[in-house]
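In structure tokens, the next block holds one chain alone, the form predicted on its own.
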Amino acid sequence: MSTELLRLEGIDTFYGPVQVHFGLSLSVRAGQIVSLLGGNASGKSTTMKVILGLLRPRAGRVSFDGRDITGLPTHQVIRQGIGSVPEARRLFGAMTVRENLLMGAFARSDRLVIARDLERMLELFPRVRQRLENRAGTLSGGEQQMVAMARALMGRPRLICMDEPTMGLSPLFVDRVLELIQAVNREGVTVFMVEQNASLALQIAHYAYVLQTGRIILQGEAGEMARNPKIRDAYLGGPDAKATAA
């Protein structure tokens, strides 16, 4: 069994007086793709903010590889070995694709190795190579997602956190992004992805959690979750989907 890489324990998070998480606990094992599923306003993206140090929980603990990283500023979290592919990509639109990729290695000083890693990214993402000197803001949504993934990998993370990686993409790019997530995982990078589209997430995940109004209500192996009637009805278009949604 793989070792635990990331753990959230008893997380309570607030935006002002509004509580978002209620004793949230989950873990991610090294080498896995773990998906956090849930609808709008369930607290998924807030979970990412807590992990990445963008929001400090009022209670609870975040640990990475056994070290407490709760409340560390984001740049220190990144240096611990956690990469981020944020929702809506958030590239530097006026900068070239090459410049965006090199920004992913901002915390590194090993220039020769950075150059080799850049070439490795271009091999993994050949579409990115074709756009290397283009301004990032001129790329399609799918191309931007690839650049965001490559940028995160330039930091040599052990864990990469992805927030809604398929959002707003055409079906062609959705399939390609899912393939790339699996390829990245096969290279030894653990993936924790927040995803609203349960059907897509469960195709590639090893393990999944379902978050509802700040609480984990279901968890299990991805294959078992896909067969779970509650998941099928609520998220995969089962016979009770409309009733559940209502």
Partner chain sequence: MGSWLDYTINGLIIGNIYALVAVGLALIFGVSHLINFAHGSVYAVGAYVGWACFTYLHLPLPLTALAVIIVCGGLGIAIERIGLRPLAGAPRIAPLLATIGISLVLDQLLQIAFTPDPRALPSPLPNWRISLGGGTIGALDLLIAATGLVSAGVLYFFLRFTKLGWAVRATAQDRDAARQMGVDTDAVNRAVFAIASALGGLSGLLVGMYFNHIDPAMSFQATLKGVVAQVIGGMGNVPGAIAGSLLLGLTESYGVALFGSSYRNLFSFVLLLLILVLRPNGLFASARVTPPEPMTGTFVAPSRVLRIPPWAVGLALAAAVVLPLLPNIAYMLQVMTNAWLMAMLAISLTLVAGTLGQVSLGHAALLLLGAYASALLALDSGWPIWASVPAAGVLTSVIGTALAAPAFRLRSHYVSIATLGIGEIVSLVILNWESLTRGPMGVTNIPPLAIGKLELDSPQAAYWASLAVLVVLALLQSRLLRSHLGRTFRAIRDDDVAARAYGVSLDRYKGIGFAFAGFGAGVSGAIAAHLYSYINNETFTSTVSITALTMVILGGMGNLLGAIVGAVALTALPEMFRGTAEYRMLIYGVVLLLIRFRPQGVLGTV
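Since the structure is predicted, the reported quantities are computational estimates derived from the model, not experimental observations. Positions refer to the first chain, counted from 1.
Here the subject shifts to the form predicted together with the partner chain, a form of this protein not shown in this document.
- Contact with the partner chain in the predicted bound form, defined as any heavy atom within 4.5 Å, is confined among 183-191, 62-70, 46-54, 23-31 to 46-54.
- Heavy atoms of residue 113 never reach within 4.5 Å of the partner chain in the predicted bound form, leaving it off the interface.
- With a 4.5 Å cutoff on heavy atoms, residue 99 counts as touching the partner chain in the predicted bound form.
- Contact annotation for residue 74: at least one heavy atom lies within 4.5 Å of the partner chain in the predicted bound form.
- Put simply, residue 129 is far from the partner chain in the predicted bound form: not one heavy atom of it is within 4.5 Å.
- For the options 78, 118, 159, 124, the one in contact with the partner chain in the predicted bound form, meaning a heavy atom within 4.5 Å, is 78.
- Along 130-158, one residue reaches a heavy atom to within 4.5 Å of the partner chain in the predicted bound form: 151.
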